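What follows is a single chain, given as structure tokens, in the form predicted on its own.
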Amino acid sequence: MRKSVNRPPTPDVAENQEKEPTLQELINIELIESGEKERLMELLRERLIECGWKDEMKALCRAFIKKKGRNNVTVDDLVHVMTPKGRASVPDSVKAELLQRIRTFLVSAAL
């Protein structure tokens, strides 16, 4: 299997042929094919900008870079440090709105 910092390992072809898609995979396929995933991503971007989350993350990144030194920080370092902070700081209202939109989509798609 090939590995990457930015994505999970690519499974071997033989593994995929034996396995039925999970419910999560089926939902993801339907979201992509319908275009709803891109609409949800755009909504998420808008809400995170509106609530100041994006500016907060930018400030945290700048502070981390300043602390470690500009030449001593890689993108992987930033991703490793900021991902947990970023996920934890998404407002509950944004999460709830997104979850409700996903539920509405699933009901309309009858999955």
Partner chain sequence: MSVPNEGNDMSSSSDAQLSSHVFGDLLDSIIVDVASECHRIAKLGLDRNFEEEEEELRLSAQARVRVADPSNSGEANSKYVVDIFGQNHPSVASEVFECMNCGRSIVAGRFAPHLEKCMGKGRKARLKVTRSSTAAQTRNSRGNSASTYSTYSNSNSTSRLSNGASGVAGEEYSNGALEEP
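Keep in mind it's a predicted model, so treat the numbers as computed, not measured. Positions refer to the first chain, counted from 1.
The form predicted together with its partner chain exists for this protein as well; it is not shown, and the discussion that follows is about that form.
**Q** Is residue 103 close enough to touch its partner chain in the predicted bound form, meaning at least one heavy atom pair within 4.5 Å?
**A** Contact with its partner chain, yes.
**Q** Would you check, heavy atoms only and a 4.5 Å threshold, whether residue 19 touches its partner chain in the predicted bound form?
**A** No, residue 19 sits far enough from its partner chain in the predicted bound form that none of its heavy atoms falls within 4.5 Å.
**Q** Can you check whether residue 24 is within 4.5 Å of its partner chain in the predicted bound form, heavy atom basis?
**A** Contact with its partner chain, yes.
**Q** Within 24 to 63, which residues come within 4.5 Å of its partner chain in the predicted bound form, counting heavy atoms only?
**A** 24, 27, 28, 31, 37, 38, 40, 41, 42, 44, 45, 46, 48, 49, 53, 54, 55, 57, 58, 61, 62 sit within 4.5 Å of the partner.
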